[in-house]
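Next up: a single chain in structure tokens, the form predicted on its own.
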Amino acid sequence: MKIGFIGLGIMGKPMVRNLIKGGYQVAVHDITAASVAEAVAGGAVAGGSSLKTAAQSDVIITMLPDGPDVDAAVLGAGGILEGARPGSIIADMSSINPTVSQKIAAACAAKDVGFLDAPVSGGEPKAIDGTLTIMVGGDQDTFDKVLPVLQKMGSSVTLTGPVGAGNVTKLANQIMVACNIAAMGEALVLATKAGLDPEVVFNAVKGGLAGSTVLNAKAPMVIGRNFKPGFRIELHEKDLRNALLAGESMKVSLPLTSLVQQMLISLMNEGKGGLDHSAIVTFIERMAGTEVKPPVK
């Protein structure tokens, strides 16, 4: 099975490496020539364009910033669908609005091309390790065909429902992660303001009910003032915006999501959009006039 991969960003690059490591032949394309060159140096083949990459592939994977990017790459002039052969499958691993996934799936079906929406969770570290959590929307037969490919990039691959279900699941994930980080930030700022060592507080609570994967991953980053992006604020803001749009279309109120999204917009306006989403804490620190750090002895 030959793989095409379009989108060589912070997540796409390590995902391609894991596919190659897993024994697949991978043709790649990206608007940034340097990213393509880097992938080719690692064993990939330059696809040449979205259309040409699709034409030489059985499964075409997209990993792009947002819905409009996926729409253009798949349905636009010279796009994937123009080059895709009947019987091939497009697996969009971007995190986008589920209605966009459903629109693209309908266009693919008209050309006898399969489609899955398969967004991921885990950020750059899990992409590097090949242990992403992958949430898939589509039919069982298409899922079964692509499952071995997805398993080279993720340790957990779950079919969650029909097309669009993968992205609804991912939006639910992003709501929980964002609100968790914001709550963690408030807690550590409060503890620091009270004169406690935030690292001691973190170690005290992580084994209890407040413990979580998010806490274990993000609290050390905050305490160490390491905001190197594993998942950028600007991308999480996009995900929460899509969650709010989906909620509005279904008449579901998402008050906590809305609040955290506003925090992210504020941070982006401060020029922090490229920082890791653990930097949500800096919004709370600013309001409290307190930075999370060990007390001065």
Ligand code: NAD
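The structure presented is a predicted model; accordingly, all values stated were derived computationally and were not measured. All residue numbers refer to positions in the sequence shown, first residue = 1.
The same protein also exists as the form predicted together with the ligand; that form is not shown, yet it is the one meant from here on.
Just to be sure I understand the contacts: of G123, G164, G83, P198, which is the one whose heavy atoms reach within 4.5 angstroms of the ligand in the predicted complex? Filtering the options by heavy-atom distance leaves G123.
Listed residue that, although the ligand is not shown, lies within 4.5 Å of it in the predicted complex (heavy atoms), from M63, V59, A44, A243: Contact residue from the list: M63.
Even though the partner isn't displayed, in the predicted complex is L235 close enough to the ligand, meaning a heavy atom within 4.5 Å? Yes, L235 sits close enough to the ligand in the predicted complex that at least one of its heavy atoms falls within 4.5 Å.
Non-hydrogen atom contact A73 with the ligand in the predicted complex at 4.5 angstroms: So A73 counts as contacting the ligand.
Could you confirm whether I31 comes within 4.5 Å of the ligand in the predicted complex, counting heavy atoms only? Although the ligand is absent here, I31 would touch it in the predicted complex, with heavy atoms inside 4.5 Å.
Does I3 reach the ligand in the predicted complex if we count a contact as any heavy atom within 4.5 Å? Heavy-atom contact with the ligand at 4.5 Å: absent for I3.
Just to confirm the contact call: exactly one of 260-268, 225-233, 243-251, 51-59 touches the ligand in the predicted complex at a 4.5 Å heavy atom cutoff, so which is it? Every other range fails; the passing one is 225-233.
Need the contact residues for 1-30: heavy atom within 4.5 Å of the ligand in the predicted complex, sequence order, or none if there are none. Result: I6, G7, L8, G9, I10, M11, G12, H29, D30.
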